Ligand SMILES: C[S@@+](CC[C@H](N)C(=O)[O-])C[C@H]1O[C@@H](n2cnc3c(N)ncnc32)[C@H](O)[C@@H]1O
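Shown here is one chain on its own, the form predicted alone, set out as structure tokens.
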Amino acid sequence: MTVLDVGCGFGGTLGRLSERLPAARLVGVNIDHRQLTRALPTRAQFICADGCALPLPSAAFDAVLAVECIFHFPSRLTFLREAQRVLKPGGRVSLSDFVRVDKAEPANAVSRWLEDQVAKGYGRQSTWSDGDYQAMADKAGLVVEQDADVTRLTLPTYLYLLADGVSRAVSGRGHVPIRSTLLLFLLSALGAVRYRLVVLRKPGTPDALGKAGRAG
């Protein structure tokens, strides 16, 4: 099995997969070389590259992951097209995303202020000019298999991050964006921002001939 983690950060997800899938080929892509130099030591191959212009061959991966990063990309649709390209037929791209309920650009000063404050800690949201996930899937040649709202399950994490942020601020052990975290928690709790898990499949079936050859 071949797995590509786009926006892999410090390689935490790949580290877990390395333990759970000892025979898999794992590749991580991140645009920030500073994070890659500090990535966890695993079996994964790390590549410094843009997730919207992957320097990887077509139809090379069984699975593509994008964990809490797609909202940083200049275009979600461009990434999904790249994911579709590098996936084998029947392969899946699984991602998590912060989705604004109102996908229009902030129209008033309060909305713009809120977005600016959240962006200071978590990055600015890319626009939804390409439509929702169903519309983008149609344009990218993918099929939506799952689009789940799991916001309720994420709310306790914000409380942990806030407590940790206060502790770090008091002890001087680093920095957690307390204001941004608090605002994102409130926006999520009030329903203005939803945390979604989306799974999209590339049409087609895996290479049956290849599977038969390996079985033989």
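Just so we're clear, the structure is a prediction, and the values are computed from it rather than from any experiment. Sequential numbering from 1, following the sequence displayed.
The protein also exists as the form predicted together with this ligand; that form is not presented, and the subsequent description refers to it.
- Residues of just one listed stretch (109-117, 134-142, 87-95, 71-79) have heavy atoms within 4.5 Å of this ligand in the predicted complex: 71-79.
- Using a 4.5 Å cutoff between non-hydrogen atoms, Gly15 does not count as a contact of this ligand in the predicted complex.
- For the chain shown alone, Asp32 is a contact residue for this ligand in the predicted complex, at least one non-hydrogen atom being within 4.5 angstroms.
- Taking the partner from the other structure, this ligand in the predicted complex has no heavy atom within 4.5 Å of any heavy atom of Leu161.
- Proximity of Ala49 to this ligand in the predicted complex falls within the 4.5 Å heavy atom cutoff.
- Screening Ala39, Leu183, Val67, Ala63 for any heavy atom within 4.5 Å of this ligand in the predicted complex leaves a single hit, Val67.
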